[in-house]
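Both blocks below hold the same protein chain, though in two forms, and each is given as structure tokens: structure 1 and structure 2.
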Structure 1
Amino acid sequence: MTLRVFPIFALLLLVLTASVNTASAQVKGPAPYASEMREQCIAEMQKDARILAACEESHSSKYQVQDAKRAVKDKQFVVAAYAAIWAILAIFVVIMWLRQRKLSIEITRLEAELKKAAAE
């Protein structure tokens, strides 16, 4: 029984280890590359701590929340604008259709009365 279960257990362990390794590799990202410009950039940033602080702050959650709030607010204005366009056009078309219908009914009625009067 143990001999039969062992290969399955070993396979499971292998898959688990491989997936953990892949996940950790994804978290770590690619290894830093060597370049003259990169070193120059790091040296410059080390000269003035404010540059690094500004870079770090621009990626902070405060700005992400600000951007998210703006996106939601913008969405509301866009929805309102498109709704207004369709509402104005729909109201105009409905008013025109009702007016046309009323006119047609009135013309038909008057024409019928005129015909009747002419016949009499």
Structure 2
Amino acid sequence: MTLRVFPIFALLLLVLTASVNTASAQVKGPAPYASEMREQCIAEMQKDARILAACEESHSSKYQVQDAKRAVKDKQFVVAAYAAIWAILAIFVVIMWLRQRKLSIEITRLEAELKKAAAE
């Protein structure tokens, strides 16, 4: 029984590992842009707080949407992980129930043989 269950768990582990690797490959984005005038731009923005506020305001909604999408995506992975854990647990419980049933039948058979041998 154990030898038949091992390939199922190995296959499940392989599928979960592949899905995690695929998900981590999708998270990578483009390399950050490095401008030669970056320091000068930052210095000018620090001189005028209104420019900095306008830049932050114009990009804040974009970042909020990105963060919301990332949170939904992360939530899907958490739900998938819990589903996998529950599936593994359910399989384990069914296997244990089947083993217990076989052992109960074997115990009943052995008790009957013992009573028969004691009667002889």
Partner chain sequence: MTNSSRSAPLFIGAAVACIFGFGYTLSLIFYQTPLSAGPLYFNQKIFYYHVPCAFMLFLAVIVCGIASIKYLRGRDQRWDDVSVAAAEVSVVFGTIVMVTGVLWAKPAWGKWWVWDARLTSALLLWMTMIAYQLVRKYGGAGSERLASGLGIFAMVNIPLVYSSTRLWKTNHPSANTVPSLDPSMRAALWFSVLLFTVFFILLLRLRINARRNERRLYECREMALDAGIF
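Quick note, the numbers are simply positions in structure 1, starting from 1. Source: prediction; values computed, not measured. Here, rigid core means the biggest group of C-alpha atoms that superpose within 1.5 Å across both forms.
- Only structure 1 comes from the form predicted together with the partner chain.
- Fitting the two forms on the rigid core leaves the C-alpha of Arg101 displaced by under 2 angstroms between structures 1 and 2.
- Core-superposed comparison between structures 1 and 2: the C-alpha position of Ile51 differs by no less than 2 Å.
- Core fit done between structures 1 and 2; CA of Ala112 shifted by 3.4 Å.
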